[in-house]
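For reference, the chain that follows is the form predicted on its own, supplied as structure tokens.
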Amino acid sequence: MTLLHIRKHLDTLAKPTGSLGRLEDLAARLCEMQQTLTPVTAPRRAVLFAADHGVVAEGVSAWPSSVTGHMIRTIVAGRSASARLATTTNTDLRVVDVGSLTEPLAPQPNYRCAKVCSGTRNLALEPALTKDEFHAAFAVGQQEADDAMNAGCQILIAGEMGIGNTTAASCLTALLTGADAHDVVGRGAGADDAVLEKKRHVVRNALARYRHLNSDGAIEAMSGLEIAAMAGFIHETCTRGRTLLLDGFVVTAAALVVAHLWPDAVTRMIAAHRSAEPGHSLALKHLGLEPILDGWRMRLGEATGALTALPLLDAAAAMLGMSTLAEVVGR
């Protein structure tokens, strides 16, 4: 089913041509992805991958690594922004600890401990991950995507929680887009000017240190366990033909990794929003994706941007159930 065929169908519906604006663009994207004029947006699942980062020791974050563990518990308890948004959008939400410094929680349905190791190494001093660690985390993400799709989920969302992960995301974004470190580094979770300058220094030096490696080696050296897991999740979702709703900067950095290795995966991605992080715009442009929500200045992570945009996907799918103009006028 071609995009032209889908557009012609949209023009037959009981409305002036193009009168639903970008909602029609979104509907067309869903139809093209799912190869049907009756796309579905449920069931859906958001999987939040959590991990810690050794680079926090460089003073690149306004918050200590212990916050990652506190937030894992808050999300699992249903008291975080992501948990509340998941509830209101009827989205299944899971937390997967792939590498935090915190002790595992007790087993429960919406939580999985799948630690590859307890945090990454400090990328300012040595490669954050080995090849084996990266691929082990990647496999965790693949398994989560498989589980979601085997449960019938049609829309999949990756989210993250990890103090220091915007530094790793900035490194990967600069590496894979060719952008300058100064242009990709933002304040993350509220960094002041002094922390921001430290972060830029770390990213600039990491790029100089690792850029000479082959692409896989450089990615591993500057990645995070949750980023590797999200790359596996995104890859599996896209290669198996499901719709992936991208969240913010860190998730999109993982999508850059996937697109670098498997360029066709981008055809299965929808960008939910444009983060306030400057590197996110560069990453979205590199992927050729226009976000559903723009100007909302969201930068929390945890899949909150994707969960906020999700009702618009529902609306886009619902509008395809309209009567045609011919049915309305009796022709």
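Because the structure is predicted, anything quoted here is derived from the model rather than measured. We number the residues from 1 along the sequence you see.
This protein has a second form, the form predicted together with a further copy of the same chain, left out of what is shown; the following refers to that one.
Taking L282, M269, L26, V56 one by one, only a single residue has any non-hydrogen atom within 4.5 Å of a further copy of the same chain in the predicted complex, and it is L26. Proximity to a further copy of the same chain in the predicted complex, defined as a heavy atom within 4.5 Å, holds among A124, A139, A189, L207 only for A189. The stretch that touches a further copy of the same chain in the predicted complex, counting heavy atoms within 4.5 Å, is 295-303, out of 29-37, 48-56, 260-268, 295-303.
Heavy atoms of S80 reach within 4.5 Å of a further copy of the same chain in the predicted complex, making it an interface residue. a further copy of the same chain in the predicted complex is not approached by R211, whose heavy atoms all lie more than 4.5 angstroms from it. Using a 4.5 angstroms limit between non-hydrogen atoms, R73 touches a further copy of the same chain in the predicted complex. In the predicted complex, a further copy of the same chain lies farther than 4.5 Å from every heavy atom of H9. Along 1-36, residues A14, K15, P16, T17, G18, S19, L20, G21, R22, L23, D25, L26 each place a heavy atom within 4.5 Å of a further copy of the same chain in the predicted complex.
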